[in-house]
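Below you will find one chain, with nothing else, as structure tokens; this is the form predicted on its own, and questions on how it binds or moves follow later.
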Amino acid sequence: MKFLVTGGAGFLGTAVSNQLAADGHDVCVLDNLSNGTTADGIHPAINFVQGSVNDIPLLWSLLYDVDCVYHLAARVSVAESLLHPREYSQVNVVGTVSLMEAMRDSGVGRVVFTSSGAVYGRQPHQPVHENDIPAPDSPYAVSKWAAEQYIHTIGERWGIETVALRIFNAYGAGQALPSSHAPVVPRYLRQAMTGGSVIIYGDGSQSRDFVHISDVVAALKSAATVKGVNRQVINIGSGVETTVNDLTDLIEMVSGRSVNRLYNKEKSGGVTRLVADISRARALLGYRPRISLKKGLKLTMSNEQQAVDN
């Protein structure tokens, strides 16, 4: 098959693009590298193009004969979105509409959109199910929910198959560690391995659903070809609830190092609980998470150790 992956130089994008290329597919990656990423980790068989998802003429040139688009291009920091909501709307919402217009003009039949578990916000019960009414609490979450509505509505009008995967807290080798607003798993691992202190917001009892990158890639691959998923929204997580304190305990276990914990109770740790009901993913995608958090942390730690050593 022939695929276009927008945002394909990012953490998730690189992982799925490289796997598709390794499987023998024809893959083109579009990324503007604005998140500080580079194209260095992309499989040599992949055609990499630097550019914007809002550049419709460029999209036309890349969509010729494409069977399916993976739409991952997005700004992804909750904290940053509070400071720059207009930018998040321009990239995450307008960029999605631009892509859908270009797909319509080019006759591409399916798009797999990476949404986020953040759209749920605070829910009265856990685990969260796709039928629960979203309560987004950040511009980032709003932009992802809005983009879901756009792809499905436009897809219905223009005859494009659409599926949105609400991905929870993905982690694994290759995840960027920016100087600000870094994801929790690589940040805590790096601190543990370098003797730094782990800063925990709130009391650490807030819970999340951590899912290994290899399981996310398996779900993304399935969503491109499986039948019966048109217009669906599907949770992709581990289905296991883990508190931030428990995550820190596991990091101590796999690293063999004691972690100095600094609790900042004046700053919110976000929603109190968030874990995915993955029954729909099992039924529609044949999705079976294979990597436990303990195993995933060991795999990620091995990669982090190489980074520290270098």
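Because the structure is a prediction, the values reported are computed rather than measured. One-based numbering along the sequence shown.
Below: the form predicted in complex with a small molecule, not depicted.
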*asked:* V91 versus the small molecule, in the model of the complex: is there a non-hydrogen atom within 4.5 Å?
replied: yes
*Do S255 and the small molecule share at least one heavy atom pair within 4.5 Å in the model of the complex?*
no
*Any chance V16 has a heavy atom within 4.5 Å of the small molecule in the model of the complex?*
no
_Considering non-hydrogen atoms and a 4.5 Å limit, does the small molecule approach K144 in the model of the complex?_
yes
*Which pick from N169, S138, S207, Q191 sits with a heavy atom within 4.5 Å of the small molecule in the model of the complex?*
N169
_If the cut-off is 4.5 angstroms on heavy atoms, which of these, L72, V185, V163, M100, is the one near the small molecule in the model of the complex?_
L72
*Pick from 256-264, 49-57, 242-250, 269-277: which stretch has non-hydrogen atoms within 4.5 Å of the small molecule in the model of the complex?*
49-57
*Are all three of L12, D31 and T114 close to the small molecule in the model of the complex, meaning a heavy atom of each within 4.5 Å?*
yes
